[in-house]
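We begin with a single chain expressed as structure tokens, specifically the form predicted alone.
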């Protein structure tokens, strides 16, 4: 009996090990493909992001490079009538975001849509609010797309990084240690 139990434990450990390896490979491929790592916004700043975005019932909120979807999931709890769309093209974060969206819908009825797509190819013309946590070079690469597609008055909130050619309408100091990521929010109006 002990041998069977040890065998079962070994099989379970092997399966767990293989799952971890597969998830690590998916995460690595996504980082290489996108040239940027998956770095989630800290839970400590979600309340500040919510306040900066100032979402209304009829808002359409996009999170470009949504990662695990935590920003949209958080927002959907406090503004359930708005529409939430996360755009991500890395396999590992998409799995996390879709699982979180499934649990969110099951618990609250709020649906967060996660799209597996390059955000440069996503039509943003219906956006009223956009959240980003992207490197400055990507922000600058997206700027012409935003100018072309976004309606007047669309609000964009960027965590940590700003455009080099556009001044924010406000900067919010998140009062985080200089050793922590995401110390400022930059708010833009298009």
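Residue numbers count along the first chain shown, from 1. From a predicted model like this one, the values you see are computed outputs, not experimental measurements.
The next section is about a form of this same protein that is not shown, the form predicted together with a small molecule.
Novice: Is it the case that residue 118, even though its partner is missing from this view, gets within 4.5 Å of the small molecule in the model of the complex, heavy atoms only?
Specialist: Yes - in the model of the complex, heavy atoms of residue 118 and the small molecule come within 4.5 Å of each other.
Novice: Should residue 44 be classed as touching the small molecule in the model of the complex when contacts are defined as heavy atoms within 4.5 Å?
Specialist: Contact with the small molecule, no.
Novice: Mark residue 90 yes when one of its heavy atoms lies within 4.5 Å of a heavy atom of the small molecule in the model of the complex, and no otherwise.
Specialist: Yes, residue 90 lies within 4.5 Å of the small molecule in the model of the complex.
Novice: Is residue 70 close to the small molecule in the model of the complex, meaning a heavy atom pair under 4.5 Å apart or at it?
Specialist: Although the small molecule is absent here, residue 70 would touch it in the model of the complex, with heavy atoms inside 4.5 Å.
Novice: Within 4.5 Å of the small molecule in the model of the complex, do 50, 172 and 186 each have at least one heavy atom?
Specialist: The answer is no: none of the three residues contacts the partner (heavy atom, 4.5 Å cut-off).
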